[in-house]
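Presented below, as structure tokens, is a lone chain in the form predicted on its own.
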């Protein structure tokens, strides 16, 4: 049975299990009182049917590839199994390519065709075992759940407990995923700091991670002072916030205090479309349209502006994060109690005076939180700066110069075939850890401010 047919069967049988469970509850309703509404009995049957199928398929997707690979390796000729793990991995790549029809037989090693046939056979066997075992188990558990339906069954409580456990599992997965990302970056960063001094990395003024092939070449040890990268990141982020904060804040004030409801209903969704535009589009706009325009404009007024200046990147990034500032600011301004506005108007204040003296001070914690979230978004932005920022690590605070950022260097260091034991490649993990800590601190501080505001007015 193919995967597509299996999924269609699961969906169809899932609907049937819900229908039969609900139908039995409706029949019981005529003879005895039910603890829960009839639909909860349907959900109860559906949960017993779907849970084993989902679990088995999840385990199959998670472990089938490694299981099949190990089985095929055990069937390879002794001469192949005696090779190093890396060489065996290369041979298995040829086996998988031939099994998928992407390689001509006989190009790699003797026995390749048989190995590819074994790979397809074992893969099909494991897939069939997973599919049919999940169907059999699901049907058996559905029969069990169907027979257990009675008026005394607390179906609603059981269904709510299942949903609660699913939500808890989702939250746990998110936490473990974040922890896994942090630990993976942390371990590689520790390896980097075992080679390069932490002080040299954090306070060094020269960034030149290129490692020479021979020790007698100039700069064979590399220079990993990250201050120019931090300065470039801070400069571009500051320019973007200079654009986004005033425009976003004034837009939020207009939408929440001045705009008619009809104008607001059209303007706010149109403004938030900016946040849905892919960042690669902003990168193209910065590299192809705005940066050449700024450079040509500089020529007309006698300024030598770099083609990949921080100004162009910052302006485009500022446009990108305007919806973030405006939406959050609009929400916190609208959340200010109407009684504060009425009290100000009752004392004779005008609308503009009320906004400046009452509403903005009351909403300031939430506004600051939104600005900090926008700052963390700007600091962590990758695609725009990769496409439009410079690659040379220059320690400059001049917005018309070409500077580089942390994210640009991370992408540059990890592109292509790299040796993950060299300081050059490990430096990307050190930069990633630094960026992670900075953005995490900004997000934590921003959420703390927003939480304090909500506790005050909700």
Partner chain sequence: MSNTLQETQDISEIVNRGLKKRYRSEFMFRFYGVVSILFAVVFLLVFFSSIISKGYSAFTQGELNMKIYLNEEVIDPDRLRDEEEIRYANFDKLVLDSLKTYFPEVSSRKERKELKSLVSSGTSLRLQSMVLNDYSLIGQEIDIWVRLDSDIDMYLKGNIDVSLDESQRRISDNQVRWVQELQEQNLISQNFNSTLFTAGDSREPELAGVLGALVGSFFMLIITFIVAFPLGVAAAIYLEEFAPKNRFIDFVEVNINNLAAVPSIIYGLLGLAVFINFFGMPRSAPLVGGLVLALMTFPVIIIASRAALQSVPPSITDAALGVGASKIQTVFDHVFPLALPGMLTGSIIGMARALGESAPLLMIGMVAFVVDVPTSPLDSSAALPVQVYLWADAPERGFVERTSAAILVLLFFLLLMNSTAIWLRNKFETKW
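Positions refer to the first chain, counted from 1. Since we're looking at a predicted model, the values are computed, not measured. Rigid core here is just the name for the largest C-alpha set that superposes within 1.5 Å across the two forms.
Omitted from view is the form predicted in complex with its partner chain, to which the following refers.
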Position in contact with its partner chain when the complex is considered in the predicted complex, options 267, 134, 327, 97, heavy atoms within 4.5 Å
267
Please identify the residue among 255, 231, 336, 368 with any heavy atom within 4.5 Å of its partner chain in the predicted complex.
255
So which stretch, 78-86, 296-304, 244-252, 192-200, is the one near its partner chain in the predicted complex (non-hydrogen atoms, 4.5 Å)?
244-252
Tell me, yes or no, whether residue 225 is in contact with its partner chain in the predicted complex, where a contact means a heavy atom of each within 4.5 Å.
no
Would residue 12 show up as a contact with its partner chain in the predicted complex if we use heavy atoms at 4.5 Å?
no
Is residue 128 part of the interface with its partner chain in the predicted complex - any heavy atom within 4.5 Å?
no
Using a 4.5 angstroms cut-off on non-hydrogen atoms, would residue 436 count as touching its partner chain in the predicted complex?
yes
Even though the chain is shown alone, can you say which residues of 344-366 have a heavy atom within 4.5 Å of its partner chain in the predicted complex?
348, 349, 350, 351, 352, 353, 355, 356
Once the core is aligned, does residue 37 move its Cα by at least 2 Å between the shown form and the other one?
yes
Given a superposition on the rigid core, I'd like a yes or no on whether residue 364 shifts its C-alpha by 2 Å or more between the shown form and the other one.
no
Relative to what we see here, could you say if residue 185 and residue 69 have their Cα atoms closer or farther apart in the predicted complex, with a change of 3 Å or more?
closer
